[in-house]
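Given next, in structure tokens, is a single chain: the form predicted on its own.
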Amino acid sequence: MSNFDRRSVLKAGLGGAALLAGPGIVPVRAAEWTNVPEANASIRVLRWKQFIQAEFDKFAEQTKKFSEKTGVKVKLEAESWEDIRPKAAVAANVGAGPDLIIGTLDDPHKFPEKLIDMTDVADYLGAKYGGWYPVAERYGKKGNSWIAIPQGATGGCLNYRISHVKAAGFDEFPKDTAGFLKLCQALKKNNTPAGFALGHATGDANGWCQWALWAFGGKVVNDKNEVVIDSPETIAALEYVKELYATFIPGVLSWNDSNNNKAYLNGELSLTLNGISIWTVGKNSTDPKQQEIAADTNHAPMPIGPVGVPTEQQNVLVAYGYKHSKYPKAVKEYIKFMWDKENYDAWEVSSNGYVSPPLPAYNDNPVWTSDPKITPFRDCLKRSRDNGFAGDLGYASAAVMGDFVVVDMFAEAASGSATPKQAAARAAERAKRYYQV
């Protein structure tokens, strides 16, 4: 059982408002909230489909409380990350559909002109809670205006079997890429392999492939938005992942975001990148085998590569409203309500730390220290780069991510369907279709 309750969460909420902006945090001037929802407003909200049922149940409960408080009717729907992306684009193109979408990454940067200006919401929350993480601001802003409000990130950490790592000869989890490769090789030798998605998995595959690219100094574009992915640094990353791939469980080339969850809880693999959902589902399962696996599971950040700094890519969640909505003030009021610390904290508790917070003031939620296995997920956005690195977020970066250019490059090189040089050259040509328009 968790060692916190609602009272402790509310106490944390009282302290959060007084938090000063820390190093690297974007401070915001104090802002008053004067927004009033339109009369008889009714909004449709489309959000990502849950991996932890208690998380969605609390979100729906908070939504109901919002309606009771404001009179705004809310139709709440959920779809997979992969399905939200095309629906978001259709809504932007035809000027109809959901009023508000809570989706992923820089999708709103594909159609910023179709979105409600959220600057007042971002300023209010940022001022009240001590500022946003810089990477959260990167995803939320287009120029000087906010086009989306970061909800956090479905924080990805390494999920590993404690006993299997020890049996492989490691008393603690490796902190660098060299040690990580040795661990994977030892796990394979012991018939307790690792497995990382190389299919079109929005969260898992993008997460670890971008990490690997950046860890060795590669990147899709430079700070001038020039495509530079075909580089010696990228080749080094591809050669490294090719060695890693040789240690993986078969079938990862077709994995989506749920395959590794199932394989891990079935006892088929010992190491993967995922959110906290694997551990949470296993811990709460009625299946003794899954409970045993959860008890033998711990979490760690991604290892540091030759560049010497964290290079994680996290699946950042963003909320954005459309100008076609008849009730833009109701949309803003909904976000403000759901993001207010008391409500956000209660939702975070129900999710068991599934979403890494976008505002450091939320870090004092007792959920993060209720179990040391949860704590690594708290700081995911501290360790994260945005997926447009080292250039700008926009149509091109969103399209490259949505088209799985980097993932496909690693899959081709790892599987041997192309040499690392061929895979990098093909990725460069694909990226140029988006950046050179």
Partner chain sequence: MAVMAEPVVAPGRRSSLWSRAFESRHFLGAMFMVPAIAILILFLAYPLALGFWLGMTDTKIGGAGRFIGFQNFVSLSKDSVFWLSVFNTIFYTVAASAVKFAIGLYLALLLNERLPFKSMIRAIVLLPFVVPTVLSAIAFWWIYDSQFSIISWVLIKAGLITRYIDFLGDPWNARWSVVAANIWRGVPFVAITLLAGLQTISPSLYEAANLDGATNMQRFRHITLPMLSPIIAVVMTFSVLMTFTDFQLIYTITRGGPINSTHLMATLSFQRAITGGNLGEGAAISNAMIPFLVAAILLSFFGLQRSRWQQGGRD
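As the structure is a computational prediction, the values presented were derived from the model and not from experiment. Positions refer to the first chain, counted from 1.
The discussion below concerns the form predicted together with the partner chain, not included here.
J.: Report whether all of Q210, D223 and W279 sit within 4.5 Å of the partner chain in the model of the complex, measuring from non-hydrogen atoms.
T.: The answer is no; none of Q210, D223 and W279 reaches the partner chain.
J.: From the candidate stretches 132 to 140, 227 to 235, 156 to 164, 258 to 266, select the single one in contact with the partner chain in the model of the complex, where contact means a heavy atom within 4.5 Å.
T.: Looking at the partner contacts, the answer comes out as 258 to 266.
J.: Using a 4.5 Å heavy atom cut-off, state whether D296 contacts the partner chain in the model of the complex.
T.: No, D296 is distant from the partner.
J.: Taking 4.5 angstroms as the cut-off for heavy atoms, does K242 touch the partner chain in the model of the complex?
T.: Heavy-atom contact with the partner chain at 4.5 Å: absent for K242.
J.: Although the partner isn't part of this model, could you tell me whether S417 comes within 4.5 Å of the partner chain in the model of the complex, counting any heavy atom of the residue?
T.: Yes, S417 sits close enough to the partner chain in the model of the complex that at least one of its heavy atoms falls within 4.5 Å.
J.: In the model of the complex, is there a heavy atom of the partner chain that lies within 4.5 Å of any heavy atom of L317, even though the partner is absent here?
T.: Flag for L317 set to no.
J.: What is the one choice in W33, F404, F66, F56 with a heavy atom within 4.5 Å of the partner chain in the model of the complex?
T.: Contact with the partner chain in the model of the complex is made by F404 alone.
J.: Using a 4.5 Å heavy atom cut-off, which residue among I304, A89, L76, A346 comes into contact with the partner chain in the model of the complex?
T.: Only one option qualifies, and that one is A89.
J.: Any residue of 111 to 134 with a heavy atom within 4.5 Å of the partner chain in the model of the complex counts; write them all down in order.
T.: Residues within 4.5 Å: F111, E113, K114.
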